[in-house]
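The chain below stands alone and is given as structure tokens, in the form predicted on its own.
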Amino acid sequence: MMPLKDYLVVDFSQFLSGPSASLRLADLGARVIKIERPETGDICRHLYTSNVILNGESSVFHAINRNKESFAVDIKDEKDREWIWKLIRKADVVMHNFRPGVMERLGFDYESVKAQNPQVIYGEISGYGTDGIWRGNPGQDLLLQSLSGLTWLSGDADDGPVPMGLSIIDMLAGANLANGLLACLVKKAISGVGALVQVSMLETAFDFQFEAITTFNRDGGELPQRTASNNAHAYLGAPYGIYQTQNGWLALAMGQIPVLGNLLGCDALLAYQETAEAFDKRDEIKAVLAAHLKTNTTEKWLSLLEPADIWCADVLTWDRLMAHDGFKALEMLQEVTMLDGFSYKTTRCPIRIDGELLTSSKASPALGQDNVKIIKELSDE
């Protein structure tokens, strides 16, 4: 039995952060009903992140909204609002990711919902929190990465700010909301008391950098310095980074420089005997290492380093990754099917319970796909 079986989630959220949270709840067994606008639906249905279209809509929508139901209703229409209220009165969780003040104007804010369903767990994601001069700004991932200092940690010293190539703050904010909702569902099961769970993308971005921000404050406010080349962490010394080889790339984590020199047959590295030099002289050490690693193949270096328990790895592209036995053993891909028979491959939930994978063959819903069923259920009560 799935852990959240028989729990109902009414989800007003759009785009990525909120839907990623409700996706995790759906993966754990909850029934998630998306409240969508008639005709247009979740804006993410048409927010194309590439030229890859799935069944006429954005691939990102289908990736993040599998295993859910769609209830297309006009939130400003009185008859439709009553259907929404009937759902809310039954819900264990109500959630959204609108800017502060929007749900108050629509009449579905926490206090209004709590008045109808006193035990509800109400979750909300905002871009910048409910206070401060940024509170009304658009909560878009690249903007949050830029404001939070995150873009100065990736790339090399002369690269300027470098954003991560994924909507990382959206996903982490969704994970934080899911964690808060799950914690409050436990509390509700024990005490019968509901809760308001609030997450902001900006606070999520700060928390994501807890290690670096702690170091920055302890270091007298000195800004992090990325290495001149092969940077992978502004606060770690050589050899930490990714290096080009004769036929590909090699990732190296921590390791003693003289030990690497002996294993790789690089005499120039033997000059760095002091542990502190791995940080103090990391630019010159990385330059020596980078030049040496280009003289042979990734496979050759791995054959020398792995038996010595040096933390290293090949740097795989997706095509090589998905052909690899290590990836296949994890069964991370699943095929899901929409109501009209359209199927696509996507990732599964990464959680296992009692050794079992959490999978579902149910794909994302067509807009308003579940209206008839939901209205019938509500009418029969």
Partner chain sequence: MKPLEGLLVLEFAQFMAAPSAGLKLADLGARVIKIERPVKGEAGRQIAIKNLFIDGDSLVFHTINRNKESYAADLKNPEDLERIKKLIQKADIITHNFRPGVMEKIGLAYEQVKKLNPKVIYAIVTGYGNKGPWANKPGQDLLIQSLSGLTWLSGTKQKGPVPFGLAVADMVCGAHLCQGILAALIRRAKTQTGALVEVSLMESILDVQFEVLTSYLNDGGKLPDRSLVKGNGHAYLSAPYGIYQTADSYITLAMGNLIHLGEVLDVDLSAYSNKADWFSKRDEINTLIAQQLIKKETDTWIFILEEQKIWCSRVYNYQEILNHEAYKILDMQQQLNLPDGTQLTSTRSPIQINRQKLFSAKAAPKAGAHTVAINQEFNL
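Numbering follows the first chain given and starts at 1. Here the structure is a predicted model, which is why all the values come from computation and not from measurement.
Omitted from view is the form predicted in complex with its partner chain, to which the following refers.
Hey, of 290-298, 264-272, 79-87, 218-226, which bit sits against its partner chain in the model of the complex at 4.5 Å between non-hydrogen atoms? Contact criterion met by 218-226 only.
Sort through 258, 107, 101, 161 and report the residue having a heavy atom within 4.5 Å of its partner chain in the model of the complex. It is 161 that has a heavy atom within 4.5 Å of the partner.
Verify the contact flag for residue 306: yes if a non-hydrogen atom of it lies within 4.5 Å of a non-hydrogen atom of its partner chain in the model of the complex, no if not. Judged by the heavy-atom cut-off of 4.5 Å, residue 306 is in contact with its partner chain in the model of the complex.
Should residue 339 be classed as touching its partner chain in the model of the complex when contacts are defined as heavy atoms within 4.5 Å? Residue 339 lies outside the contact set for its partner chain.
Using a 4.5 angstroms cut-off on non-hydrogen atoms, would residue 245 count as touching its partner chain in the model of the complex? Residue 245: no, not in contact with its partner chain in the model of the complex.
Exercise: residue 35 in contact with its partner chain in the model of the complex, heavy atom 4.5 Å: No, no contact at 4.5 Å.
Contact at 8, 41 and 57 by its partner chain in the model of the complex, all three, heavy atom at most 4.5 Å: The answer is no; none of 8, 41 and 57 reaches its partner chain.
Looking at its partner chain in the model of the complex, which residues in 318-344 have at least one heavy atom within 4.5 Å of it? The stretch 318-344, when checked against its partner chain in the model of the complex, contributes 318, 319, 321, 322, 324, 325, 326, 327, 329, 330, 331, 332, 333, 344 at the 4.5 Å heavy-atom cut-off.
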